[in-house]
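For reference, the chain that follows is the form predicted on its own, supplied as structure tokens.
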Amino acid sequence: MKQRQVHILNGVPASAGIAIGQAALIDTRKIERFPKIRITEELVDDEVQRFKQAVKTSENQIREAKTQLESHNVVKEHAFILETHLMMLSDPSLSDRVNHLIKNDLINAEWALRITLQEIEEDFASIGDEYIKSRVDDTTFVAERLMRNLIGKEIEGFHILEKSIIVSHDLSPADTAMLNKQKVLGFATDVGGPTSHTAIIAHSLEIPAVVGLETATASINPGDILILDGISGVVIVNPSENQIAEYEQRTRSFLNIELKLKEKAKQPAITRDGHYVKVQGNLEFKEEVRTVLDHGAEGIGLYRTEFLYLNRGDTPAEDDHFFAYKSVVEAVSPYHTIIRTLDLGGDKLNLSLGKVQKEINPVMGLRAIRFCLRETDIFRTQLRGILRASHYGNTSIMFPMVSGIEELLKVKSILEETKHDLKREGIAFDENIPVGIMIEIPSAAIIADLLAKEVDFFSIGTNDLIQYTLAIDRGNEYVNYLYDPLHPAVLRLIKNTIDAAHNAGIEVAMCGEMAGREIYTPILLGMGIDCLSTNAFAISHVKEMTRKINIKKCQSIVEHIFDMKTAAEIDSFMNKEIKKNDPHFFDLA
């Protein structure tokens, strides 16, 4: 038998761990070939009814998948993702648009559905927040399920071999619900990022995953032996015996490390020289609270609230806000919960606000605090919900995308007016609720000394800060290589922000992806960061890195790298020089 050729694919590490097994390919690709048919007016009702039936069938399939998903306790917390899919199927805006195209353009349901999906994907592509932008996956999964039901392509369970690594274009929660969890060793997908559903489910199952491989389904054959390295983002196809032996040893070491980290997850992060560092968790849905706390979070450093506004035909009522926030605040208590106000633009809220028009560049347009200052009724409703929830535990308010003093003063004025209204109505809330802002625009970082006098804390959002500072779109394949947290300009803005905060006597945290990468921890602590907030599955790693650090050494590292001219030079120093001088610096074993 001819030996298959060894080759290596590079992707994005989405869930840490190492898997060695056979490839099992699953076809989840978007259906590109579908019937495009011009219809007569007499057939319009038939097409509308056919689409209605496809929606009903899809709802039944997702409910069944949700039941299966909930039966596995390990992923029970993420079954709520399928609730989002069910909400989308029942959202009139989706069906109304498809039916409108069928009736007005006289085209069949498949064609109308594809046009609608393209419009939605274009809207999401213009969102600035990377995490929210990645939620377009929900729409794609729902639309593809509808398309398969429309054209009669059967959706059935996946039958895989023992010890298999799933190779697919992408995976939805419904896809994973159909898998035999005892046989899945890991996931490898063409698309996706650290916050994609594949990453979330892989984390829940505690199995490795590499996403964003681009050509995995094209270059891997069923039955190929794979080494999937979810730590470095590498997939080795048909490895040699020596490579297999090497990675088997790495696997044993990794599992030993993970076991030790789990045992220490809830211990505080205290450096070798006695410096305490608060490590908190980022949160999007209230159902994630238990997972975040179990992984050692000492509070919630970023509670995203955009989920309340998406996939609905109206804006959330005050009670919608209140009950969502109250449940989290109570669950996290006595730890602190920092609630970020709306970080979307009006074009993403399915609103009938005539005043909100499509923008050429919405990423830098009417979004986040700018939108809230324009649509103050929507803003006040959210503020009332947050303030009411603050009565039930330690709560803070955080405003995103603040660029200057004028915006901040207007926001604080509205907050004070809202407090006054609640007080007049006799509604209980924390009258001294701390107020903070995200530092994610270069202008805010540059005038951090002025902003620090007006707030109780800062939280640095590195995802946007890096993109705005370097003028690059991380989702653009032609320039995403320029996205680098170690760029000297980025590091200087971070240091300026931290110094300004401390000079004003307030705390400064970091809640972007940079906070969850251990290689950056020594630099951030050396610059004086007070708190790191990250996803649940990075918390124990960041804590352990902190325990192995000496603050004075970190400060000397910062002094050294600030003399360097390029990100590559700094990265090389962190990965090679420090490890050479102190072999245990990055050793978590």
Ligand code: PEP
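Because the structure is predicted, anything quoted here is derived from the model rather than measured. Each residue number is its position in the shown sequence, starting from 1.
What comes next is about the form predicted in complex with ligand PEP, which is not displayed.
- Of the candidate stretches 320-328, 211-219, 248-256, 454-462, only 454-462 has residues whose heavy atoms lie within 4.5 Å of ligand PEP in the model of the complex.
- Among heavy atoms of His203, none comes within 4.5 Å of ligand PEP in the model of the complex.
- Within 4.5 Å of any heavy atom of ligand PEP in the model of the complex lies no heavy atom of Gly192.
- Although the partner is absent from this view, Val292 stays clear of ligand PEP in the model of the complex, with no non-hydrogen atom inside 4.5 angstroms.
- Contact check for Gly512: a non-hydrogen atom falls within 4.5 Å of ligand PEP in the model of the complex.
- Residue in contact with ligand PEP in the model of the complex (any heavy atom within 4.5 Å), chosen from Val167, Met438, Val98, Ala389: Met438.
- For the options Ala444, Ala112, Leu302, Ala143, the one in contact with ligand PEP in the model of the complex, meaning a heavy atom within 4.5 Å, is Leu302.
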